[in-house]
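A single chain comes next, written as structure tokens; it is the form predicted on its own.
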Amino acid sequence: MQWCFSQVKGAIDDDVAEADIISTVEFNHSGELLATGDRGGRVVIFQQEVDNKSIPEYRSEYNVYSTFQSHEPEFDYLKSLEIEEKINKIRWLPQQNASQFLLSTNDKTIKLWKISERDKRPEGYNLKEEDGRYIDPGTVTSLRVPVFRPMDLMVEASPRRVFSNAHTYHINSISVNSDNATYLSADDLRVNLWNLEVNDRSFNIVDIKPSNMEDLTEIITAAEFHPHQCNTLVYSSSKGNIRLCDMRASALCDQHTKLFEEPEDPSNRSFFSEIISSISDVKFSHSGRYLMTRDYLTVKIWDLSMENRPLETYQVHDYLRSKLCSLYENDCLFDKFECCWNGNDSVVMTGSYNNFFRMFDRDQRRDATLEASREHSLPLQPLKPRRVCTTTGGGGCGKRKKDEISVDSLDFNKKILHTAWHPNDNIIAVATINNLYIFQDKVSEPDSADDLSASDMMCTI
């Protein structure tokens, strides 16, 4: 599969405001809407251009549909803590009627938003003028039936419910259940279950907080519901393991049903082992049979029927293993990379540094390193695979090719933490610092000069 540039959203300025940094990206269930959240507490929704959906070359064109302020900065006077407005996660609810609903959360508060369209307005009130002024009822001599008149399309975002005061620590995950009636929210030590209709109470289903905080050895890093089984959820930890829980077995899911954990190789043990083994994201496959986890250096695919080791392990940027010390000093070692599946679970994608993102084809056993860059942003311009090579030892770069880059030349300030894949099509969204890149697969038959060979796709370091 060859990928082409489609669009880039966001300012070109090198001086990026903190509030403009993208913090989450999410397609809705049909892929027609794409939502982004930023550190300024804003949610921007893009809509797939309806007129172009039937034109393969331009089906990935998205335009701004709605923008609204989801969260504002707050201050917890009881704990003397400032609560950022940054949007940590966005999750769409399956569409039930003409309106769309989504959940957005910052560190403490989750909000349910209704996104609705209005293209008609009522006219002909009996007790109100068109400009809104009220009429004295005594002056009304006849009754008329109000009618709806066409108007310019308005997209309104209105908060339906606010779910707050349930988390002591920062919320890192929200996940909508397959029953479409409940959802979970997870922070460092607890997972809570909410009903979408009830916002004044939640049910604690996982609590790993020890009685003495000095005994704390791990924290919860991500959590998600199974896509089809409303009783099943997983949560990952900073120790690199994943626990699967069944809510039918117990109301409090502290005792897991399954534990997915790979034994550590003692020969690879180092000062950084625990940090790089911490899982930053966990995702069920669409089929519900597999789990995907992302730690600092790898993406792992787990079969729910096999707990003792991952089914597949993909090296994302193993060339950084020799630079862990410097990455620790500049705090990059604590970056939280996300991962995503394609529509049929055959390809997985995750981000890296230097605005690179990685794709792993599970069927073909191929991987590719691609770059999100304005230098290669002509419409339908094919993306050329990049290769990172080391400069140490006999197997170094030597004389570098055009599309090769030395590991010493990587820009660690440019990173892709957030990615999303259209649920039904080969359209992907990739967030750099403050830009959103949209790519699609090449639909026409490539010329022989542009055709990707297996050796081009293989980006073995």
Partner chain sequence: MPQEKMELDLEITNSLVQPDGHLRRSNSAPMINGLSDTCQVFQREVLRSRRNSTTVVNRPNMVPSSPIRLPSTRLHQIKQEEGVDVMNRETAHEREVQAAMQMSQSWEESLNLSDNDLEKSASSSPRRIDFVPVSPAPSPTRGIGKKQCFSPSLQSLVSSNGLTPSPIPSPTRRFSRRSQSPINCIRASMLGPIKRKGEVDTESQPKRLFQGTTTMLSTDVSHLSDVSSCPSPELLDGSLSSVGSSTGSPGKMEGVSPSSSNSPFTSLQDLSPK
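Positions refer to the first chain, counted from 1. Remember, predicted model here, so these are calculated numbers, not experimental data.
Heads up, the form predicted together with the partner chain isn't pictured, but that's what we're talking about next.
The closest heavy atom approach of K442 to the partner chain in the predicted bound form falls outside 4.5 Å. Although the partner is absent here, A98 lies well away from the partner chain in the predicted bound form, with no heavy atom inside 4.5 Å.
Taking non-hydrogen atoms only, Q48 never approaches the partner chain to within 4.5 angstroms in the predicted bound form. Contact annotation: R366 falls outside 4.5 Å of the partner chain in the predicted bound form, judged by heavy atom distances.
Interface residue among W194, W113, W302, F284, judged by heavy atoms within 4.5 Å of the partner chain in the predicted bound form: W113.
A single residue from the set D295, D188, E224, E371 has any heavy atom within 4.5 angstroms of the partner chain in the predicted bound form; that residue is D188.
Between 242 to 250, 138 to 146, 312 to 320, 169 to 177, the stretch whose residues reach within 4.5 angstroms of the partner chain in the predicted bound form through a non-hydrogen atom is 169 to 177.
Applying a 4.5 Å heavy atom cutoff to the partner chain in the predicted bound form picks out E61, Y62, N63, V64, Y65, S66, T67, F68, Q69, E72, P73, E74, F75, Y77, L78, K79 from 59 to 79, in order along the sequence.
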